[in-house]
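Here we start with a single chain on its own, the form predicted alone, put down as structure tokens.
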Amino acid sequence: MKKTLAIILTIAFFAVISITVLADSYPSKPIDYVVPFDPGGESDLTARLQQKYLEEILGVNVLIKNKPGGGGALGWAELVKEKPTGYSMTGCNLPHTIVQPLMRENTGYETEDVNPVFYFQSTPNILVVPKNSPFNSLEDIINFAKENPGAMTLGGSGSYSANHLGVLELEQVTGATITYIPFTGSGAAIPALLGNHVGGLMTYTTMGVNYKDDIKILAVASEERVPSLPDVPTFIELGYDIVEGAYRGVAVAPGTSAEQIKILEDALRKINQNPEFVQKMNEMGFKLEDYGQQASVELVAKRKEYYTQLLGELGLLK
């Protein structure tokens, strides 16, 4: 009995030592930062702004890798199958990681499999058209879409993303029929808009700030007007109760140690408090958020409840 107890105590001792060593030595080699969208979109822009600060704080190289596909689903399906080493993290987006499993079969992941570390920013949807578009207002688009069902095309980042939901909500509240065109990211959607390959975009405030000289911004899907686009009316102001947008953060493989997650969470929070980073993000049209690991889990649960109800009303649950 004494021998068994001694063995148990020895195992427990070395387990504590191992955790302490892990916390002291992690990270000790480069970390992959996977962006599951094309270069140029909001997730990619944020990752590249964070990169140098992460490297300074963590003391290792951070390698950004773009892996677009399926509106982010390809990257998240790979994420949930990775070994929990702590040396790879993947950008994660709401509502994408909630809505995709609710609406599609075989996404390769479930919402609860995506293990969030920190949600650090958000962006409301905006409705935009090219500068040379004949549409000058939200009502112009609604009237055209009603008179020509399906002829009005609006692009956006991915299927069943915040952009896609924004179009579905616009159809729901107006009775118009609109054709949604999914792109692999916001960065890929903008050239299609500027080349007049789509009639407009349901995109994000960041694209409105970066391309304000090339587009007309007709409405923003926020409760109030956003500081980066003060002259753009909200959908609510225009008579349509649409509030929609995306939250962005990073996630790690299921089973990643709490110690490693805490180190990454603290690093990302520290970046969000850096005055230089804050200024750049504000100038680009982002809203900074502060959802740590536990708060992120609670945010996802709350938003899943909302989207489940919404998709049920639209008759789109799988």
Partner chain sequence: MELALKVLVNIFAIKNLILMLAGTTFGMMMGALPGLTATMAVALLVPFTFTMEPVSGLITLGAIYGGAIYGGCFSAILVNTPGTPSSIGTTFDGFPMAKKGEGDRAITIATIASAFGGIIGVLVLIFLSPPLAKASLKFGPPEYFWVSIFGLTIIASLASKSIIKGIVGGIFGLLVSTIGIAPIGGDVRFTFGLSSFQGGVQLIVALIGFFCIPELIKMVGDGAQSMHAMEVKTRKGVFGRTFREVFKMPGNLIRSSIIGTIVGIIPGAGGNIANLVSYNEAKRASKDQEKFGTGCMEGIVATEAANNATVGSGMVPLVTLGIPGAPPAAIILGALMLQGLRPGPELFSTHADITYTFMFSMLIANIMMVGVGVLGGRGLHKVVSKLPVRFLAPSIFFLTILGSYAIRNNIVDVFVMLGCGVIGYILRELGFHPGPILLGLILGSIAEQGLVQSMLMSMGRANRWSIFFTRPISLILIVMCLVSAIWPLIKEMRERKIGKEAAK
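Basically, rigid core = biggest C-alpha set you can superpose within 1.5 Å across the two forms. These numbers come from a predicted model, not from an experiment. Residue numbers count along the first chain shown, from 1.
Quick note: we don't show the form predicted in complex with its partner chain, though the next part is all about it.
Put simply, residue 78 is close to its partner chain in the model of the complex: some heavy atom of it is within 4.5 Å.
Its partner chain is not shown here, and in the model of the complex it never comes within 4.5 Å of any heavy atom of residue 248. Remark: residue 268 does not count among the residues lining its partner chain in the model of the complex, judged by a heavy atom distance of 4.5 Å or less.
For the chain shown alone, residue 216 is not a contact residue for its partner chain in the model of the complex, no non-hydrogen atom being within 4.5 angstroms.
153 is the sole member of 115, 153, 234, 122 with a non-hydrogen atom lying within 4.5 angstroms of its partner chain in the model of the complex. Note on the partner interface in the model of the complex: the residue among 282, 257, 51, 274 having a heavy atom within 4.5 angstroms of its partner chain is 51. The partner is not drawn, yet in the model of the complex one stretch among 222-230, 143-151, 83-91, 128-136 has residues with heavy atoms inside 4.5 Å of its partner chain: 143-151. For the candidate spot formed by 104, 181 and 211, every residue has a non-hydrogen atom within 4.5 angstroms of its partner chain in the model of the complex. Contacts to its partner chain in the model of the complex (heavy atom within 4.5 Å) from stretch 43-70: 45, 48, 49, 51, 65, 66, 67, 68, 69, 70. Comparing the forms between the shown form and the other one, the C-alpha position of residue 158 differs by 2 angstroms or more, with the core used for superposition.
Comparing the forms between the shown form and the other one on their rigid core, the Cα displacement of residue 78 stays under 2 Å. Here residue 101 does not count as shifted, since its C-alpha moves by less than 2 Å between the shown form and the other one after the core is aligned.
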